[in-house]
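In structure tokens, the next block holds one chain alone, the form predicted alone.
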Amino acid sequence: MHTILITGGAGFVGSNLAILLKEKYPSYSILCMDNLKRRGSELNLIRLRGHGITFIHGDIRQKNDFDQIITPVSCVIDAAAEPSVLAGLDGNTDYLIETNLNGTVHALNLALKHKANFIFLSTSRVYPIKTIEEIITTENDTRFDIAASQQIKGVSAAGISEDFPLRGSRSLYGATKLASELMVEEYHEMFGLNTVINRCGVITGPHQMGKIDQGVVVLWMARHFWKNKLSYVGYGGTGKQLRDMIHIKDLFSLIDLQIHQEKKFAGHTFNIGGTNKVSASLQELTTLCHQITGNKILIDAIPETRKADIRLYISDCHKIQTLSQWEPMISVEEILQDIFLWIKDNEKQLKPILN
């Protein structure tokens, strides 16, 4: 029988992966470890309990908290993180580094102790900001796009691939995740641990407690739902910044493969996202949210670009698609409709958090 430990297990990604795994594999034992720091994560405890998933109140920064796990573990999914790209910019870096780097090392040591497979959820923000900003782009009425002709390795009209240069600054958040990637690679090579690294773009869907610096798709829908204002910040205040996005269920379909075909994926790093197929600018998100909610809201234009912002990011998923035939299936419209129905059905619970 599989026993799977998910760190950050009461967060958006962790809790959804846990529930989807339990629904598909009822005989599996799923352990979710979380410190419940993020507001709204406590709501997921009810969902986890309802699916017969074991919750462990622990902090990955504290290696002794892993001593609570005495059942043999077959796979560790490291989904715990301080996820804000703005984290640490105020000079307080301790929580960021202790969570995103030291926490991953503690999780790796647990995997090593149990001889478990290890799946690391990293981020597209490991790629340097200045180099991303040097990508040649085109501009149309609603979005920026990547131009067909490029001079930088690892970028094309299909997006940014794993060959994109890593030299340069990427935000403190991105730096901690890249440092963790290096440790994951070392544990794979030095100890023979089966590891895989997924550099995820924008992951979204129901049960995400969206904020302006993380979970922007849910935030956009929530602001429309409750008729609150938003802002287009940076790049002239036009809202043409572009991202691809991936529904949590599409991410689960990949994690499911990686859990059960560990040898096939071991030692690899993949860019994971919605590709051009599932992408939208802020301006396009506004139009879709207006159509779904029926609410038109005030959006301010703030021309100045903030530190750590980027004009666009699209995941080139050619590597993972070649190896596994996996691809994102849920469209932007379906993602937003899913989020809308979740907010509508849970309005009373969510309003104090998302509003």
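One rule holds for the numbers: they count along the sequence shown, beginning at 1. Keep in mind the model is a prediction, meaning the values are calculated, not measured.
Missing here is the form predicted together with a small molecule; even so, the following discussion is about that form.
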>> Within 4.5 Å, heavy atoms only, which of 117, 171, 131, 122 is in contact with the small molecule in the model of the complex?
In response: 122
> Within 4.5 Å of the small molecule in the model of the complex, heavy atoms considered, which of 74, 214, 275, 281?
Replying inline: 214
> Where does the small molecule sit in the model of the complex: which of 35-43, 326-334, 303-311, 283-291, heavy atoms within 4.5 Å?
Replying inline: 35-43
>> Even though the partner isn't displayed, in the model of the complex is residue 247 close enough to the small molecule, meaning a heavy atom within 4.5 Å?
In response: no
>> Taking the small molecule as it sits in the model of the complex, is residue 177 in contact with it (heavy atom to heavy atom, 4.5 Å or less)?
In response: yes
> Can any non-hydrogen atom of residue 159 be found within 4.5 angstroms of the small molecule in the model of the complex?
Replying inline: no
> Is residue 99 a contact residue for the small molecule in the model of the complex, using a 4.5 Å heavy atom cut-off?
Replying inline: yes
